[in-house]
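Read the single chain below, which is given as structure tokens and is the form predicted on its own.
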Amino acid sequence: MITPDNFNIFVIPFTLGMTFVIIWLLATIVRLWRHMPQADRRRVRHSILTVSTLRAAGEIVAEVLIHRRIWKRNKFLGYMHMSFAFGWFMLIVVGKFESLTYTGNHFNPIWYPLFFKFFVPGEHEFFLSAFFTQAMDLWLALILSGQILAFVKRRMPGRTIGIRPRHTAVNRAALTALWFIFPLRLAAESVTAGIHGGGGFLTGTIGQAIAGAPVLDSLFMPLWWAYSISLGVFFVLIPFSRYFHIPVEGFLILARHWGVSDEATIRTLETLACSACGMCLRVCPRAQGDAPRMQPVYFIERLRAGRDNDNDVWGCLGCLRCEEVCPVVVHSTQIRMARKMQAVPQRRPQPAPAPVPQARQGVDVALFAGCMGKLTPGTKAAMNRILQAAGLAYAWVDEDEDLCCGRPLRLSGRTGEAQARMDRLKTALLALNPRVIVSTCPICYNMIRAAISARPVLHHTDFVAQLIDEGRIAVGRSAQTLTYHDPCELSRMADISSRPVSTLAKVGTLKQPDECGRESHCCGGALGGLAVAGHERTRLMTATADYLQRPGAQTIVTACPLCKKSIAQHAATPVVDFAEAIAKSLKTSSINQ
């Protein structure tokens, strides 16, 4: 029940803003639910009262409140985000229990806990009142410490604290309102303590310091009004700004744990859940140069506002470095891919059936070099030496005919034609009836392993490592020093990074750059960026080549024909494929035939 003891007109801005954002959020959820396939709706209904929800709740606490992934990447940024999220959450929770304990009423008005010190000023004598007073000051202090760090971050952006994104006018307005909320709460509660006494270690101390000042009475109501207005403005702007991620991220985590498989639903939630933290800015290859803000933080921002453009779709390399560091795990590359499919008319021509190589049926290994592999013949020659040394029967499925995995077409949005190419390649590979299929191109490897389950599909780094482990080939260690470059498609997309490194360590001494494995640099030649200008690609290739040369190794080794050509064009250090490095170290005297 609303009474003069729990209502004042100044609470209206907050109440209207809170009501607006709740209605908007509910409308968004209803809209997503209505467009969700029936199968996913059933999964959700059957998963709510299961352990999946408990796991999701744990992840929500870890990621939405504590920001665990950001902590792992950047402790400064992690503390800043945690202080706001966890501190504000605890202010709400503890404030609710404080008002509940004081009134004994479970249904206090929504504004009452936030403005409790206004309605119940001075010293409190109810159960646990001292605890509540000090706890509320503690959470407020936590938030303010994070706000100070955020201020420093905006004044001194950089690698240590994190790169500050540049935001739209709406985002700046929402940020301004957010920045006023907690200093105004501190000021309002401190002035109240100065007039009526009470307060905790923070507000009470400030209140004692300013007690008796003649301006306190004139500041009392304006400060509470300003606090309410700043809350109301922030809540009204939430649906139109990056801060909509605050309520949406939890729903994204729930959807993933409940097994929602509809890509449109997940991508919509991911788009809304992007917090624009800026962690993708540092790792994006196109963060420098003349790229017009190609990073996901800006793409998502434009997409939410309905202002995305062709360059957003066609100017991304698709290297996945952004996804590797994203704390919300937003698959921005797939979101761009969906936009490509919308932009390009889809057709699926009927391809001529691939010829069946009758004379070579039943081989041990079917190999596929791919389009780029044919431009790096050294890799093919090295694999021939390795397989001959291992005594295996093998065949290159694309030796006499041009076959394609379809990835270039897929990245151009022509998914129907891409699937037709893959179907043709699949027919040719399976016609050989191989025991294992091996690709020397990680791009092709990812496409083939997604299309073929009837046979084991390996990248040649894994295959060669198995031959060594099984004793089918033997390698010798030399004094050569090597730097291994992890291709994007192999390390981040296929999660193959440690095994090539451990295998190369058997033939030489590795000198690795600081950022390697899943955090390796893109070679700059990635197929995804169809709109990337030639001079921009040159800049990217040169930067990666320079980075790989810093450790001072004698040879740069990579495991992708596209990476090899891209890096070799701009590196003074020799660049070889993984297979070439292994073939050079073969011990012919101890080969198991």
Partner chain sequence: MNSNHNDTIIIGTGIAGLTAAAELSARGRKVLMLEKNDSTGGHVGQWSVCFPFGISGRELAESILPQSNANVSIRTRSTASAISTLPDGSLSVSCTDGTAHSARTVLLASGYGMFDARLKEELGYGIYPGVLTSEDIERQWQKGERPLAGHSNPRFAIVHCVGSRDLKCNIRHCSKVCCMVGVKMATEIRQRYPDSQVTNYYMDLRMFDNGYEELYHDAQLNYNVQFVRGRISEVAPTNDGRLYIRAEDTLLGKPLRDKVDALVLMIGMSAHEPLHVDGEPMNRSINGFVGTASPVQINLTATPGLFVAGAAKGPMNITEVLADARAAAAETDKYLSR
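Numbering follows the first chain given and starts at 1. Note that this is a predicted model, so its numbers are computed, not measured.
Keep in mind that the form predicted in complex with the partner chain is missing from the display, and what follows is about it.
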Problem set entry | Location of the partner chain contact in the model of the complex, chosen stretch of 440-448, 371-379, 472-480, 126-134 [non-hydrogen atom, 4.5 Å] | 371-379
Exercise. Does at least one non-hydrogen atom of K564 fall within 4.5 angstroms of the partner chain in the model of the complex?
Worked result: yes
Exercise. So in the model of the complex, does any heavy atom of A568 sit within 4.5 Å of the partner chain?
Worked result: yes
For this session: Using a 4.5 Å heavy atom cut-off, state whether S52 contacts the partner chain in the model of the complex.
Result: no
For this session: Could you confirm whether D400 comes within 4.5 Å of the partner chain in the model of the complex, counting heavy atoms only?
Result: yes
